[in-house]
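One chain is shown next in structure tokens, namely the form predicted alone.
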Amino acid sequence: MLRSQLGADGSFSLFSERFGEGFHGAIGALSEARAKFVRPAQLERFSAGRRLVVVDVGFGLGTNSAALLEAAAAGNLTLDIVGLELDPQPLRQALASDSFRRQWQPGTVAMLWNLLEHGTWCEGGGDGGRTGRGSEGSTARLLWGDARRRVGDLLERQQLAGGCDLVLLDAFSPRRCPELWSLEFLSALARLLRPDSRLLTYCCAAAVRRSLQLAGLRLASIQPPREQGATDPCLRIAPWSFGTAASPSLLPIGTEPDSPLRPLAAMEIEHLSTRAAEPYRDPGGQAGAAEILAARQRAQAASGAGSTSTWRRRWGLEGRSRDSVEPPRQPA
């Protein structure tokens, strides 16, 4: 069951009864897409005319890909988007909403309709991006099914290993959907990346960040725009971050207040040495959420890592809910 809801910015989103979470944070779907995915992608670093390969994990309503597509067009860039999604209902329900469609340019709405109905879209005609021929414009494909299996297809059958410029990871929170935050899945996503590319996610959980490190990636915190710095649950505790950027290469860290990326704060670094950083594991790529969570609890109990409660006391986090430290998506 999905119900419609609006974020603080008035943009359209949905709440999932199954997962007990919203698809987007409290700031709103559009603001989140721009602040946590488009802005830290730093599209301005690419020269005009560049074609970027983008994998959007947890395509959902299509908000992240849509926002990126419009930003890329403004910078004279084209995209080859591959969306991974289990359920067509979120996109179908979003496109049925006038308020959702009004958020986008007509061409963006056309992309989303074509993806829902046909699974492909090609801005300039041609073959819909299946072979990379016949179009000078952006293309998109939407692959339905379990993202764990689909990523394997991208790496093996479609030979995208080391060929992606951006990976957007926007699944439900790790405690609700650990299948898409396991060490094995994140390692597979890391294999998609070019040396200078980026994986971007709203998530700042220690288990996810540690898994990205184990997958060979370097980390940075996503810094919120100043106007949004006090409105997101992930920022209830300074100096907590707006999300995570990861790359095979050292990320450009800015010192300016408006820089989209900053180094992990000391509190965040120390968090990675606690039991909270125990990865979610899914060696066979087929385990259910309950199995993955139970296995992680056993691993944490046997771990010699530092106590998360000690870390909480050190940083003045006692008395705060667990969600204040590793925030979920927008709750009911």
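Numbering starts at 1 and follows the sequence shown. The shown structure was predicted, so the numbers you read here are calculated from the model rather than taken from an experiment.
Keep in mind that the form predicted together with a small molecule is not shown, yet the notes after this line are about it.
Under a 4.5 angstroms non-hydrogen atom cutoff, the small molecule in the predicted bound form has E85 among its neighbouring residues. Interface membership of W315, defined by any non-hydrogen atom within 4.5 Å of the small molecule in the predicted bound form, is ruled out. In the predicted bound form, C177 approaches the small molecule with a heavy atom inside 4.5 Å. In the predicted bound form, A147 approaches the small molecule with a heavy atom inside 4.5 Å.
Comparing 39-47, 303-311, 52-60, 272-280 against the small molecule in the predicted bound form, the single stretch with non-hydrogen atoms within 4.5 angstroms of it is 52-60.
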